[in-house]
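In the form predicted on its own, a lone chain appears below as C-alpha cells.
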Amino acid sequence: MSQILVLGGGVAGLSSAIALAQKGHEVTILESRPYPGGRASSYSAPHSEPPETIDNCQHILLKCCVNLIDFYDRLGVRDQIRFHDEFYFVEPGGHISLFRKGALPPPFHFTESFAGLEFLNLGEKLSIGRAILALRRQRKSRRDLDSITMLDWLREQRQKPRAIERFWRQILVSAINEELDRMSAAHGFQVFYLGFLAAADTYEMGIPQVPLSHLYSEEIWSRVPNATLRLRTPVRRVQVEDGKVVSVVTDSGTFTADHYISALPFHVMPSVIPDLPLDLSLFEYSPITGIHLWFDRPVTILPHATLLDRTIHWMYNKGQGRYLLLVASASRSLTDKSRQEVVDLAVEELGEFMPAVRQAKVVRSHVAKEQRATFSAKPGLEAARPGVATPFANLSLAGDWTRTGWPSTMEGAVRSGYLAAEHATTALGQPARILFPDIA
C-alpha cells in the first residue's frame, strides 16, 4: 500500500489518518503540539492538587453528527460518549424549563415540551412555530441563504425580539459559535434542521465522559495498525516541484510520501504552502471562552443547562456540582477582559441562575480563551471555502474551514478528513467510499 503523510493532528487530520490506515495505507501524522486533538484538547489544570486533566472547552456533539460518531467508532471510544435527551433552559431567578421529545413523530416531536416552555409567551411560541415551518419549507428552495444573515431571515419571518434572543440565539450561537447578525442563514438552517427536525433523536447531545485527550490519546493510536503519530513535529514548509509535492520540511527533518494531506488551520497555509493559490481574505476567526470554576460545595444537581439572557451560554456539571465548566460562544466581549474580570462576571451571572452559588466559595478557577476557536460562518464565505482537491495531484486539503457543507464543528472537521481520505485513495488509484451522507 501507499505511504501517506498527514500534516496536522487535529480532528480533521486524525480522521483522515485512521480512515486511510484502516484501508491498509501506511500513514504518518505530523503534529506540532505535544498532544493530538488540536483545538479539541485537554491539559493539566493549573495549580491543581492532586493533578487534574481538564478540557480547553466543552466539545459536544449531536446525534446528527454521523461522521464524528463513526470516527469515535473507529477509535473504539464511542462508549465514552454519553447522550442526553433532555435540555434544561434556565432563566435568571432559577426557573427551569425542560425541553425533550414527546410522542408525536418528526417534525412535531417537540410539540408537547415546546408548548410547556415557560420562558416564552404564547405569542412568541406561535411566531417560532411559524418560522420553523417556513425553515422546513425553504431550506432547499431558497437560493439566497448564504447571502443573508440568520438575523435577516428571522426578522423577515417577523420573529419577536425576545423569541430571537431566548430561543433562536440560544440554540444557534452555541452551535455555530457566531452571532446571528454575523451568521450565514444557510448554516443556521442546516444546523437547526439536522439537529431538531430531521429525526426524533438527532437533537440528543453527546458529552464525553473522559477528558477529550483520552478519546484520541497516544495509547489509542499505538493500537491503530499502519498509523504513526509524531508529536512535537511542526511543519515548516511544503516543498513543491514540477506541479507536485516532493517533501515536507519539519523541525525534526524532512519527510516524503506518495500522497500528502494538509489538515493545517487556514492562517498558517500561506507560510507553509506558499505555492498553493488560496484566497483567504474572507476568512476570520470567532472566539470561544471556557470558564472552569471549582466551588467548596455543590451548587447544582443539573448535568448541564443553557442559561438565558446573559453572557454565559452553557453550564456543564463536571464534578458532583462542585466543578462547573461555563461556556461563552462568540465571546468577543470577553477578549479584552482580564482573567479575574471574566471569573467575576461568570460567578455573578451564575449566581442569578443558581442561588447556591452566592453562599459558596470559589476555591479555584481557570479561564481558557480560544481566540481561534472556529471560523466565522458569515454570509458569502461558502464560495471562498476550498474543496479537497488542489492543483497538485498528490496533495489533498482537509480542515473544518474547507468546503465540508458544515460550519466549523467537529463533525465538519471529520467530514473534511474523510473527504480528503477519499480524494487520496482516488489519486492513488484505489478509490474508496468513506464519508457518510447527512441524515437528511
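What you see is a predicted model, and the numbers here were worked out from it, not measured in a lab. Position 1 is the first residue in the sequence shown; the rest follow in order.
Omitted here: the form predicted in complex with a small molecule. The next part is about that form.
Interface residue among Thr306, Thr233, Gln80, Thr149 relative to the small molecule in the model of the complex, by the heavy atom within 4.5 Å criterion: Thr233. The contact with the small molecule in the model of the complex, taken as any heavy atom within 4.5 Å, belongs to Val268 out of Ile207, Leu345, Val268, Ala257.
Not displayed here, the small molecule is approached by Ile60 to within 4.5 Å at the level of heavy atoms in the model of the complex.
Not displayed here, the small molecule is kept clear of Leu197 by more than 4.5 Å at the level of heavy atoms in the model of the complex. The small molecule is not shown here, and in the model of the complex it never comes within 4.5 Å of any heavy atom of Lys378. When the small molecule is considered in the model of the complex, Ala17 lies well away from it, no heavy atom lying within 4.5 Å.
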